[in-house]
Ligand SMILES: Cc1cc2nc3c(=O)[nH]c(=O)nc-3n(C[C@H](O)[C@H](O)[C@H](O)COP(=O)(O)OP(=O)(O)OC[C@H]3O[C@@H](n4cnc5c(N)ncnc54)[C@H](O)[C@@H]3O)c2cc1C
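Listed next as structure tokens is one chain, alone, in the form predicted on its own.
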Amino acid sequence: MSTTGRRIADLIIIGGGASGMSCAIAFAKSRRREGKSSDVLILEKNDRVGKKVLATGNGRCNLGNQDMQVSHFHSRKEDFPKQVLAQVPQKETLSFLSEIGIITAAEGNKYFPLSKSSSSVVDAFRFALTEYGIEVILDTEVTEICKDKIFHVSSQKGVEYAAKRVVIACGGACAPALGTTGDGYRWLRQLGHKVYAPKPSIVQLVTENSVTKALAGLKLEAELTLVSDDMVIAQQFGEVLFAAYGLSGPAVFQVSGEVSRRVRKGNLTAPMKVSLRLFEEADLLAISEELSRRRETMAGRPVDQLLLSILPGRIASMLLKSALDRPLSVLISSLSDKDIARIVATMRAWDFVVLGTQGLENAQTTIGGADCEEFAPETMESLLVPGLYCCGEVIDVDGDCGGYNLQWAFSSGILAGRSASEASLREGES
């Protein structure tokens, strides 16, 4: 390799996001406890660390979730997330955050920094990196990684970095504007690892849009059911946002990964639909009675006014169009009992045909990445390339919306850093 300089470190971490920073601090802390110094280097392609962290939780930074059922984490190797989280459970990550100055507070099941500010989280990490003497080199894009006796990491600036141990912590392939462009997949393949093609998760759904386009920008609270081939795949209650392309909002984000996992070569493997339930059953019974009453008391009004004060105007009109096969200018008195039953049934299950998801550029999380079968869940070290570690989103683990992906970043990063330190101590590195 042609280089204009060389920098040797104990540990090189590629990526200064949540997992990479956690890894660096955990390595340095472990070495310091044993009275050893450490030379840790973070290479970050952005102009600052934690850029993606700043965008999490709408800038409030959802750090974790009290509901830690392993079903909230997904991987082709199903037990891998559970094994890693057993090594570094949430209690330990909360303690780790507290030690670097991040106090958490619960809001429902979710953990946020007490400040409710993601920038304060990034600041706490930055200050901790400085405290532990961790060097961060910004605006540095890695171009190649290779290994003989040690690892050699090249950058676009012509500088070569070298270390006995390297951690790939550069994220997945979503949100390329924040620097996560899938670079780690290329390096892992070059080093002999299998990588599953990335897919978007925590992302908007694309649906047949004749209704959603007319309602773009409006939102409602609903119970959302995702159905595939007449089987219920997932259910969520929460906010649903209508958009020109389909559906968005927290409830949609929660089920979007299930859609992505069923896409092959750009097409769904089986028909899918989203069904929105707008009211509880007791309310629907009361609404049915009210609509029958309005057929008498509002007999001379157009059908377009039937759901007055029951649903917002534009949503009411589009639901009526979905339920009825007649113009909304006809009189309410013309509605039959079957018509009213169809309107109520649509409130119970307003169906939208799912075509797929928005792309990786709109996603918050990546499905796919390095095959977990090729990494040790006790250490996050490669089983193929000794001294190579992965953590965070670059490996084939993704979490649900609600703090699970940051939890994975912290747990896997701390484990990788601690394990790399323990390996260095076993080998007697000063």
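Numbers follow the displayed sequence, beginning with 1. Model, not experiment: these values are computed from the prediction.
In what follows, reference is made to the form predicted together with the named molecule, a form of this protein that is not presented.
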So, V121 and the named molecule: in the predicted bound form, are they within 4.5 Å at any heavy atom pair?
no
Could you confirm whether E381 comes within 4.5 Å of the named molecule in the predicted bound form, counting heavy atoms only?
no
Heavy atom to heavy atom, is E393 within 4.5 Å of the named molecule in the predicted bound form?
yes
With a 4.5 Å heavy atom cut-off, would you call I14 a contact of the named molecule in the predicted bound form?
yes
So if I measure heavy atom distances to the named molecule in the predicted bound form, which of the stretches 26 to 34, 381 to 389, 367 to 375, 399 to 407 falls within 4.5 Å?
399 to 407
Of A316, L178, L328, A162, the only residue with a heavy atom within 4.5 Å of the named molecule in the predicted bound form is L178
Looking at W350, W187, F80, F151 here, can you tell me which has any non-hydrogen atom within 4.5 angstroms of the named molecule in the predicted bound form?
W187
In sequence order, the residues of 10 to 46 that place a heavy atom within 4.5 Å of the named molecule in the predicted bound form are I14, G15, G16, G17, A18, S19, G20, L43, E44, K45, N46
